[in-house]
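Just one chain follows, in the form predicted on its own, and it is written as C-alpha cells.
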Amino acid sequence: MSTDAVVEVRNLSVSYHAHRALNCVSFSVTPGQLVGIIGPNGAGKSTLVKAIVGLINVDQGEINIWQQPVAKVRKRIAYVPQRNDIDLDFPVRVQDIVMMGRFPYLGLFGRPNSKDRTIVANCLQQVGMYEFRNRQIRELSGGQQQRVFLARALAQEADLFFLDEPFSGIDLNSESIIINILKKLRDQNKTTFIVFHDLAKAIGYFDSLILLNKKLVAFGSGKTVLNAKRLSEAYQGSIAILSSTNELMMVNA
C-alpha cells in the first residue's frame, strides 16, 4: 500500500444483479489532483465513485482512503451525486441545502451556530449564489442548482471531493465557476474526482484521467490516456481523431 496515496483501489469488482459493472480495477491517486473519470455510457464511472465512497457493496477488492477504510474518514469526504438522483421538488431553500454540509459537525441534535451560518454564506458567495439563498431549489436553473450542491460540499470543509457528472446539462458560466473553484481546491492540496464526458476539455481540466470500460483501460496524464489506441479500446470500435484545432472527436470505425 502506498503511504502517500489519498485513494488506493485494489482489484475492485462490482456487480448489479449478477451483471459485472467493474472488473478488477486498481489505481492509486496522490494528494492535490483533479482526476477525471471518463469512458462510454455504462462503463462503470458512477459505480466506481459510489463504491469508493461506500454507497454500494462490492464483490471483491480493497478501497483505502488515507490508508483507512472510508467509514473512518467519512467526515473528510464530500460527495455530489448526479442531479437526476436528487429530489428537486422537495420544498427546501438554497441556504438550507448548503447547511446540510455542516451536519457532520452538528451531531444528531445540534443546531447551527453563527460559525456555521458564516461558512454557509461564504460558500454561497464562492459559487455566486448568495443572492439566491432564500429561493427554493426547484426555482433555479440546472447550472445554478449544481453550484448550490457544490457549495454544500464546500461547507463540509472536506479534503476529498467526488462529483458525478457536475457539468451535465449546465450553462458555460456555471461550468467555468465550478472548474475554477475545483482548481483552487487543488491548489490547497485537496483532491477531486469528477465523472466527465467532454473529451475535448479533459486535458485542460484534469491532472490525471481514469479511462474505464468496466475495466481500467488507462490511468495517467491526459496526454498518456487520450490517444487513439486506448480510446478505441475503451469505446469499442470507435476511433479518436485529434483535429487541427486540438479537439478530440469520436467517429465510428
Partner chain sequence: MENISFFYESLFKYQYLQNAMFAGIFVGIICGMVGCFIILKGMALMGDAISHAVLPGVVVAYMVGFSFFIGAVIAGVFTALGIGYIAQNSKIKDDAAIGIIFTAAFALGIVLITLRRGTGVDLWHILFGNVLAVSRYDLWTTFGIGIIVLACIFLFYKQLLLSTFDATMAQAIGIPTKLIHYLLMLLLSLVTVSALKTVGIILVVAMLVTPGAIAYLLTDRFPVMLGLSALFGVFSSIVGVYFSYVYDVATGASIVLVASVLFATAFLLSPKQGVFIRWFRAYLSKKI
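Keep in mind the model is a prediction, meaning the values are calculated, not measured. Residue numbers count along the first chain shown, from 1.
There is another form of this protein, the form predicted together with its partner chain, and it is not shown here; the text below is about that form.
Put simply, R111 is close to its partner chain in the model of the complex: some heavy atom of it is within 4.5 Å. Although the partner is absent from this view, G142 stays clear of its partner chain in the model of the complex, with no non-hydrogen atom inside 4.5 angstroms.
In the model of the complex, R74 approaches its partner chain with a heavy atom inside 4.5 Å. Interface residue remark: S174 is not counted as part of the site for its partner chain in the model of the complex, having no heavy atom within 4.5 Å. With the partner omitted here, the residue from I181, L163, I137, L154 that has a non-hydrogen atom within 4.5 angstroms of its partner chain in the model of the complex is I137. Shown without its partner, this chain lists L226, V35, L216, V53 as candidates; in the model of the complex, only V53 has a non-hydrogen atom within 4.5 angstroms of its partner chain. Contact with its partner chain in the model of the complex, defined as a heavy atom within 4.5 Å, is made by none of A200, G204 and L231.
Only one segment in the set 38-46, 183-191, 218-226, 53-61 has any non-hydrogen atom within 4.5 angstroms of its partner chain in the model of the complex, and it is 53-61.
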